[in-house]
Structure formats: structure tokens, C-alpha cells
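One chain follows as C-alpha cells, the form predicted alone.
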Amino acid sequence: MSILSEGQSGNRVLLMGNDAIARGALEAGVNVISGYPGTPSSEIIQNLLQVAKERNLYVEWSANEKVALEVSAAASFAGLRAMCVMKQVGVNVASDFLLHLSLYGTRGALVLVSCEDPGALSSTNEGESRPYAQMMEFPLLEPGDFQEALEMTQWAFDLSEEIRNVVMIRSVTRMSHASGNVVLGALPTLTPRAVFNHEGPLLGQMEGPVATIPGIVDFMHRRQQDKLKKVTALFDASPFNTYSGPEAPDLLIITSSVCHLYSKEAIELLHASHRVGLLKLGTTWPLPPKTLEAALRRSDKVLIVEETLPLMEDNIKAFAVERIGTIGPKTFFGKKEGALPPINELNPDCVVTAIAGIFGLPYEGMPATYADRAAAIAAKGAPVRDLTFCPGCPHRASFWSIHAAIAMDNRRGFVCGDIGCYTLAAGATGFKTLKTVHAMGSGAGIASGFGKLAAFGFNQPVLAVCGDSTFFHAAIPALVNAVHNRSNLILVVLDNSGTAMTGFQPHPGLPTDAMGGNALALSIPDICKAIGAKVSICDPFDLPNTQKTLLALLEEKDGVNVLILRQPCALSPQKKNKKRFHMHVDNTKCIGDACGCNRLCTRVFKCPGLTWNSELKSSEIDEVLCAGCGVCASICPSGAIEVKEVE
């Protein structure tokens, strides 16, 4: 049982934002859910999986976000209600199909949920997907609190079916991962029958073939824009757009999403509710014109509070220019004139500072003396915590061997990487081995480009790494490209048997699907061979053999070689809390600085399971942290680290 399904209508419960979105989808009668894992979005699908059989859902972790959207679109075309979930970078992957889908439209409801990461707390960029709604012309909703996360999700399904198009819900980290009280609604009991009607006329959206082809694009684009006119009218009547405050405030704040909560708190902290009006927009594109015009009439000064790009700021300013004859001139404050920071997450203090600056109030959010004292205490009192691989992580061993092989080869070889736990190899924990890091699968694609530069005198060995989930997500096309174009590279697939970084969601290489059923496990070696690459497989914990194999591959003059380093993640369900070896440091052999290794194990290898005892002048094993992988014994030049197999 799950709180998502056991809570009764009218119950008041504490829900995380992602749980509220999931419950809203259930209350809307969702049938099919698909997506690709990525923080801060993963819990939505993870929690719906728990009630999939009970609620007769089909839930899928797809190979990537574009495929996920195509899977949900199929359900919509068959008349079912579908939801597709991803993080902001995933919308970029899905955007190719999304452009076509939004032009043609949908049949059953299709809600696209994008959970985004202002401040890049768990991302490699601070991108956002709101501009896609404007560029591709479909409605955008942004819940302003946890109750709205539930109710707005439910409403999004109705809206999608009313206009027969995609509706996007945008959440952010502080909405997805924070919690609040939510009053539940009722869960439906009907299970619809899926039917794909395709015998109707070409332009019949509900009966004809689903195709965006030349010759009918003008018609479909006009139809899409007619839908937006309908959306605009619906948004003006939406209960998710609310105004609170004086009739004629000194300052009007226009905001959305979690910034609504920051703005409310800022007004309260400044005791400025008698001077500041607050327009909270839940429907942020297209803008609701009557609602916006009525609000703008209230004040000559307007502060727009939003995270990441100044999208609302630009659109509201353009709207104000169009309506200047009726609303009069305005002075705008926001990101562009510097009232709010142009990057990173906002918080109540940012909004308080902005309001105080506009009003000329003597407010200081955090005194400089306090900040200086906190920094000084943190420097002395907080333990140093490097970004590092977990104890027993196979990636540490993999990059130890890759780094060593490149150094022994001595031709300035380098590794192109991408997104996953192994991105840490750009830093000290991976011996600074990664030299490029961009989007998923881009390591192999960039390496494919480097591998074609011999005609320009380029003679450095080129390697790329990707994880097993990333291999299926985006590396296969890059590998195809490299083989077809006879590029020279080594692709190292770091196969730790799952999408470890986001919680071990299954991928097409595993024998189970998201719902726990049997699935066909696709062989990475067989796929690589079928493409035309030469394939080797090693255990990364076997350092001598891995390094020997890498050195041999570096000697290869031409073509694409794939080395699969296969070892399950130390935190995977099959390995967690199970040690292969008991580890021990022989203090008679570990003589520390007198050894000549310069404390290689704790200074360079840096597994958290190894510690340096400054009193004994010797390394030690931390029995709590050590995962018993045995790799550290292989790197100790004096043989002081001993292994004993667990019986």
C-alpha cells in the first residue's frame, strides 16, 4: 500500500511535491506513465510504480526522454490518459518529437512534467524548459504550492483533453523535493479501453492517421493557434491565478512556482502586506491577458520574481507595451535591472532584498560580519568533504587503470566523458582523467570527432567513457557514427548494472522492467559487435588485466574499440552490505612516509574506506565504510594491505 493510493478523499496528508504530482495524476485517471530518471523528477515515476498493479497502470522507464514521450503519445493516440516525466535537460532530448507532437496534437490527455534544477544542485547546467512552451505553442502550468501541485496536475489532464494538445507542468527542486500539507481528492475507478482510430480523413485529429507531413502543416499550425486562443480564455478564468494585497499597492509582485512562497515570506518578513500586492500566476504561458491587465492597473511599480531565465519578465514587459494606452507607463524590476540575481536559485532573502531596495528600506539580509564568522567557523569546524566515489565503487578502479594506461602510453591521450556518477572523474577522485564533460552520450560523439583529426597532424589517443544506461540512452548513435566514419577511438563502457546515480532504475540491458516483470536484456557487447566495433570485456577490480588490455587497445592504430568494464555498483541491491574481502593493513609493512610511496593509498587513491593514522604513521581500514572490494591491496607497493576472502 502507498499513501498515493490509500489516502481517502478529504484526508489531509503531508506530501512531497513529487508525491502530490503523482497523486494528482492518479486522481485524474492516468493510465500510462513513462520517463527517464533524473533528479529532481525521479520520485514521480518511482512512487507510481508502487501502485501500478493496484491502479492498473502501465509504467515504464524508457531508454531516453524522446522515446518516453513517444510511448506516452501512443497511449494518447489510443485514447488513454498519459503522463511523461523528465528533468529539464531531458526536454532537450525529447524536443525533436515534442515539436511534431505539439503541432499535430493529442487525443487522450498527455501531460508533460518537467522538474527543473535552478542552481544546478544536481545538474551540470542551469537550463530550463519553459521557453519550449512558448516556442512550440502549448500551455505551461507552474504550481505555486503543494496543494496546487496535486490539483493543477489533475486539471492539466482535463485541459489537455479539452484542447487536444500537450500541456506542460513545470516544477523546480524546492517544489519537487520539499513537503507540505495536501487535501486529497477522490480516485477514479474506470479503466478505459485503448483503441487507435486511423481510418478517418487525414485532417481528422480524432479519427485519421496521425501524421505531420508537408502540405497540411499550415492547416495544423492554424489549428494549433486556435487552440491557444481557447487556452488564453481558459487561463483568464483559472483559479490558479490569484491576487492578494491592497487594492492599489505601492509595488506589485508578479511571480509563479516556488517563488510565490518566497515572495509571501518576504512580504511577511518586511511587514509590508499593506504596501505590496502579489499576483501569483499558475498559468505562465500563454499569459492570461485580462488577469494581467487588471493587476498591472493596480501599481506603477512591478517586481517580477522568477528563477533561471527572465521569461515572464520579457513577456510581461512586451504585454505592458501593447497595453500602455490602458494601463499607463510602468517601472519594472527583476533580473534584468539587477533587483534579483540573474543566476542560481532564489530564496526569501533575495526577494526581501529586492523589495527593500525598491522601497529604500535599510534592510540587510545577512550581515557581512555574520557571513564572515560562519565562514571562519566552517573552515575550522566542519570536516573536509571531497566529491568522491563511494567505497568499493568500480569507477574508482576503472579510472585508476585508465589514468595509469594513458600515463604509461605517454602520448598525451585523454578521455571524453559525460553525465553520471563517473563525471566525478573530472576531479581528484577520478585522478582528473575526464577532459570533456557535456550532455549524455556526448563523450562518445566528441571522441568520434577527435578520432578523425589525423589528417591535421592529430596523434593523441582518444578515449571516451559512458555508463551502461547512458549507452542505451545516447551513446549508440555516436558509436554508429564513429564506426561508419572510421574514427579512431576507444569507448569504455562503465557497466555497473543499473542507472545507479538516480536510484537503480532498470534500462534495456537488464532482465527486468520498471514494473518488476521479466524483460529481454539487450547485450551491450553484442550490440557493439553488430555495429562493427571490436569488443573486450574486463573486471575493473582486476587492475593488472584491465591495464594490460587498455595498453593493447592504445596500440591499435585504426578503428573503434569498445572495452566494457563490468562490475556491479557497490550500492546496488545485490552488493550492498555484502563484502567479498575482509581488508587489513599490516602496520609492520605500512611504514608511511618512510615507504617511498608518499601515502599513495590515502593521498591519491583516496577510497573513503582507507584512513591515515597520523599518530601511528600508518594507513588503516575503516571497517564501517570499507566495501571489501580488495582493489586497494592491488595498488599498495609494499603489500601492506592484505585481503582475506569472506567465507
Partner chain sequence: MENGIPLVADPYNLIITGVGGQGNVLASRIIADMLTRLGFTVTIGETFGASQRGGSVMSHLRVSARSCYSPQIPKGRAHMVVALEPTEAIRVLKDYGNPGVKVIANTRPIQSIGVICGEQSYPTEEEIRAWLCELSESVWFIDTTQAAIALGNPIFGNIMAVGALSATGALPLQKDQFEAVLREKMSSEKVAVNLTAFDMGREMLSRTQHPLH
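These numbers were taken from a predicted model, which means no experiment stands behind them. Numbering follows the first chain given and starts at 1. Rigid core: the largest C-alpha set superposing within 1.5 Å between the two forms.
Not pictured, yet referred to below: the form predicted together with the partner chain.
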- Query: Even though the partner chain is not shown here, does Phe458 get within 4.5 Å of it in the predicted complex, heavy atoms only?
  - Reply: no
- Item | in the predicted complex, Gly413 touching the partner chain (heavy atom, 4.5 Å) | no
- Query: Does the partner chain come within 4.5 Å of any heavy atom of Arg603 in the predicted complex?
  - Reply: yes
- Residue contact check: Tyr370 to the partner chain in the predicted complex, 4.5 Å heavy atom: yes
- Among 296-304, 375-383, 125-133, 554-562, the stretch whose residues bring a heavy atom within 4.5 Å of the partner chain in the predicted complex is 375-383
- Message: So the partner chain isn't shown here. In the predicted complex, which residue out of Cys528, Ala500, Ala354, Ile267 has a non-hydrogen atom within 4.5 Å of it?
- Response: Ala500
- Interface residue in the predicted complex among Thr173, Asn488, Thr546, Thr106, criterion: non-hydrogen atom within 4.5 angstroms of the partner chain: Thr173
- Residues in 603-631 close to the partner chain in the predicted complex, defined by a heavy atom within 4.5 Å, in order: Arg603, Lys606, Cys607, Pro608, Leu610, Thr611, Trp612, Asp622, Val624, Leu625
- Query: Would the C-alpha of Ala371 be classed as shifted by 2 Å or more between the shown form and the other one after rigid-core alignment?
  - Reply: yes
- Shift in CA distance, Val384 and Glu126, in the predicted complex relative to the form shown here, given it is 3 Å or more: closer
